[in-house]
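Below sits a lone chain in structure tokens, taken as the form predicted alone.
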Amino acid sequence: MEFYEGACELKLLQTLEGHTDRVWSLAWNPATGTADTPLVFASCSGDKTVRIWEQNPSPSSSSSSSSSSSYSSWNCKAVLEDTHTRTVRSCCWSPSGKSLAVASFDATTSIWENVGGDFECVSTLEGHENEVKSVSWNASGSLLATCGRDKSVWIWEVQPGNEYECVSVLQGHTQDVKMVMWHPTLDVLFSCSYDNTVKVWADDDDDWQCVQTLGEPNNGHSSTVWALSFNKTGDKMVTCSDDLTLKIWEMDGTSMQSADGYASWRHLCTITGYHDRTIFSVHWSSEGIIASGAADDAIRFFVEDKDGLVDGPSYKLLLKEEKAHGMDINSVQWSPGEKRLLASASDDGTVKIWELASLCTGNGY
């Protein structure tokens, strides 16, 4: 689908309140959002809790209400509490949607499962020296990665009976590691850090090692890298930074045939001049729309500029929501499923659900 400026509008569907401190992170359950399974997401906060939110079933089409009410309201279905003693910084659902991993500043990561309608903590992972900042499952759900202020990245193998075995502790970053994320199809792990780099980790005969560092010398960021996200096919990646830019990276297909078999990544272009405060979050939708959330309280949307510039690929601003929240935006996440929904989390303690609607057709699809 071709997108152009002025062709979309962002509708606020609902503001969700309940957290009593800043909301750090959001995670949509990937197994929800189908015809018979309502959308579910988790939010985590400085109030030491995780909240599980579920979309109410849509009212029947025969109701006399307006079409927008088919985006029914959201309810908090559960509060996961009394487990962590400090801020809950990050959460991530397993690919099956059955397990939720929760990373906390108390140096632990908890694993939760929905057992007969109630969420139970089934495992606690210990090992980091201090704050755990991020957690991520690989595509098959067999590996879990965590990272933290102790500059390390841990890889855990899922064992039967809710056991998790640490198979590798990766030392390579020189500062606080802000985020870990697995590639959507390959067992390759990416981490970004306060040391201004993104590191790529791969397994060589059960020996995990850093196979590439994306830093300032190879057109990388000049300040803290806060987050990264992959496009649908996994051949491109976007990173966001304290240096006020987004950078697009491309997997070099030719390197797959190289001796070590690891694809290398190269800088494609830099999206600059749109942000004047730190960009904390970025997420690439399945349709190719990049959303960013920043310290200026705004959400921005970018798409590839298809006008065929001679200089190579470039991206343009599709839309900017000026005051999307009252304070810093820490996380923006596109929902799974057909609807073009985005959730945002902020220091103002709220989560907001948005719909990016296309004006040409009226309903956004």
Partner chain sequence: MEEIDDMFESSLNLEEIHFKEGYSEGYGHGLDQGKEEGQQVGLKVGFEVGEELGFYRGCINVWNSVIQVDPTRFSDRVQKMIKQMDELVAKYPVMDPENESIQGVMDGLRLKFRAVCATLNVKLEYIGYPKTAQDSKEFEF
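Positions refer to the first chain, counted from 1. This structure is a prediction, so every number in the text was calculated from the model and none was measured.
The discussion below concerns the form predicted together with its partner chain, not included here.
Contact annotation: residue 82 falls outside 4.5 Å of its partner chain in the model of the complex, judged by heavy atom distances. Its partner chain in the model of the complex comes within 4.5 Å of a heavy atom belonging to residue 171. Among residues of the shown chain, residue 105 is not one whose heavy atoms approach its partner chain to within 4.5 Å in the model of the complex. The closest non-hydrogen atom of residue 250 lies beyond 4.5 Å of its partner chain in the model of the complex. With its partner chain left out of view, the stretch that reaches within 4.5 Å of it through heavy atoms in the model of the complex is, among 273 to 281, 131 to 139, 216 to 224, 146 to 154, 146 to 154.
Note on the partner interface in the model of the complex: the residue among 159, 96, 73, 233 having a heavy atom within 4.5 angstroms of its partner chain is 159. Proximity to its partner chain in the model of the complex, defined as a heavy atom within 4.5 Å, holds among 211, 268, 166, 122 only for 166. Counting a residue when any of its non-hydrogen atoms is within 4.5 Å of its partner chain in the model of the complex, the hits in 195 to 220 run 205, 206.
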